[in-house]
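Here you get one chain, nothing else, as C-alpha cells; it is the form predicted alone.
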Amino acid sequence: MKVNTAFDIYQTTVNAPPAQVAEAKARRDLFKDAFGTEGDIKLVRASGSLARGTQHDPIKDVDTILIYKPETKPEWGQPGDSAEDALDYVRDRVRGLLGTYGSYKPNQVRLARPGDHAVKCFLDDPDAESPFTVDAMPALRQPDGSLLVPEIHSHGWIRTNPGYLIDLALDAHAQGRIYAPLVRVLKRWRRRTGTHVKSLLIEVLALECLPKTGERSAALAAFFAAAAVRVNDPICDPAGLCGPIQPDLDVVALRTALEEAADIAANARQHERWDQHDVAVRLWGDIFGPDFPKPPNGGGSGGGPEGGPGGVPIDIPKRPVRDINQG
C-alpha cells in the first residue's frame, strides 16, 4: 500500500460525511437568512471551523456572528450589564424568529441559552447525547475591522477578530490544497496526546508549522518537528487581541507527544524514500492510531538499524536543539 493511498483512505475517516457538512451549512444559513431580515442587523457572517474548512467528524456545532448597526444599540459595548442585555436580546430574537411560534420559520430552535459570548441554540433535543447547536454571537464592528463582543464573566465586552483567522486559513489552504484536510487529521491526532489540547490551538500551530504545499507525509513530518519546538512558547491569537489560546495547556505533555510523533514520522519518511511503503504506512499508523489503514502484510519491523536497504543505517533527521521553556 502506497503512503498516499493510506492517507487518502484515512482522510475519509477524519472528514465529516458530505451529508453532515451540508446539514451543518443549511442550519447555519437558516440563521443567516432569518437574522438577515432584521432591521438592526448590518451583517450576518459565518465563523468557526466550518467557515475555515477545518471541521472534522462529527460536526457538533456551527458559529455565526450577528453584526449589529451601532446606531441601533448605543447602550451596547459599555461595561456592566450591557453584555448580558445583548445576549438576552439575541436569545429573545432567536425565539421570535425560529422558536415554537417563530415569525420567520417556527419550530426550528428548541432551546436558546445565553453563554459567555454567544447564545447556544439547540436545534436537536437538548437532552440528546450530542445535540447539534448553532452559536449566535452579537457583535459591533470597530473602526479597525475587529469586533466588540459581550463577555458575561467579566461583565464587559472584548475585542476579537475571527475573520482574520478565517482569512489566514483560507489563504493557507489555497497555496497547496493540503492545509485544511491535514488540520482535520491533526485535530484527530490531538486526542492521542494524553492531554487536553484545544482544537483551535492545533489550528494555529498548523498555520505556523505546517508546510502549505508538497506531499502530505512530508508536511506532517515537518509539522511535528517544528511544533515540538514552537510549543515551548505561548500559542496566541493570530490577531493579537486575545492572548494565549490555552493558558492551562500541559506544555510538557504536548511537547513529548509531538517529539514522539516527529521521531516516528521521520522514520516513516525514510522508509517511504526507500520505497518501503508498507513499513512507512505501519509507522504512520503508530502515530494516528487504529483508524489509520493497515498495510496488507502488516508492514514488517519498520525500523531499527536493520531497516535500511542492504544494511544501510537509517538516517533519521535530528530535531533542532534549543533551551527548553518548561512552560
Partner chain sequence: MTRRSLVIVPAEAADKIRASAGAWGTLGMVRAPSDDLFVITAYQAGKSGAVLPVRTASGQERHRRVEEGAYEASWHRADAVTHWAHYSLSARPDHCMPLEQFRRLIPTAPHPHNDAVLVLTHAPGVTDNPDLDRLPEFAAWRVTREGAEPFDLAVEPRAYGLGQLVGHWPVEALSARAVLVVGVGSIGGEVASSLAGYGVGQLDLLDPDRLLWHNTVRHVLGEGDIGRFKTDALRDMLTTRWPSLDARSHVKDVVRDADHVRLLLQEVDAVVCAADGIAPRRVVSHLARRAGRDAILTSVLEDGAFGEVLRLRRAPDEGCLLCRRADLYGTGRMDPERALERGYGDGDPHRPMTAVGPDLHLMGDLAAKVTVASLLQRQGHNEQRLPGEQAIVALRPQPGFEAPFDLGRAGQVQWHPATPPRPDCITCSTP
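Positions refer to the first chain, counted from 1. The model shown is predicted, which means the values in this text are computed figures rather than measured ones.
One more form of this protein exists, namely the form predicted in complex with its partner chain; it is left out here, but the text below deals with it.
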property: Residue among Asp85, Asp233, Glu151, Asp125 with a heavy atom within 4.5 Å of its partner chain in the model of the complex; result: Asp233
property: Listed residue (Val251, Leu140, Leu111, Leu201) with a non-hydrogen atom within 4.5 angstroms of its partner chain in the model of the complex; result: Val251
property: Listed range touching its partner chain, judged in the model of the complex by heavy atoms within 4.5 Å, from 38-46, 274-282, 61-69, 256-264; result: 256-264
property: Partner contact for Leu165 in the model of the complex: its partner chain, 4.5 angstroms, heavy atom; result: no
property: Leu97 within 4.5 Å of its partner chain in the model of the complex, heavy atoms; result: no
property: Partner contact for Ile245 in the model of the complex: its partner chain, 4.5 angstroms, heavy atom; result: no
property: 4.5 Å heavy atom contact, Val197 and its partner chain in the model of the complex; result: no
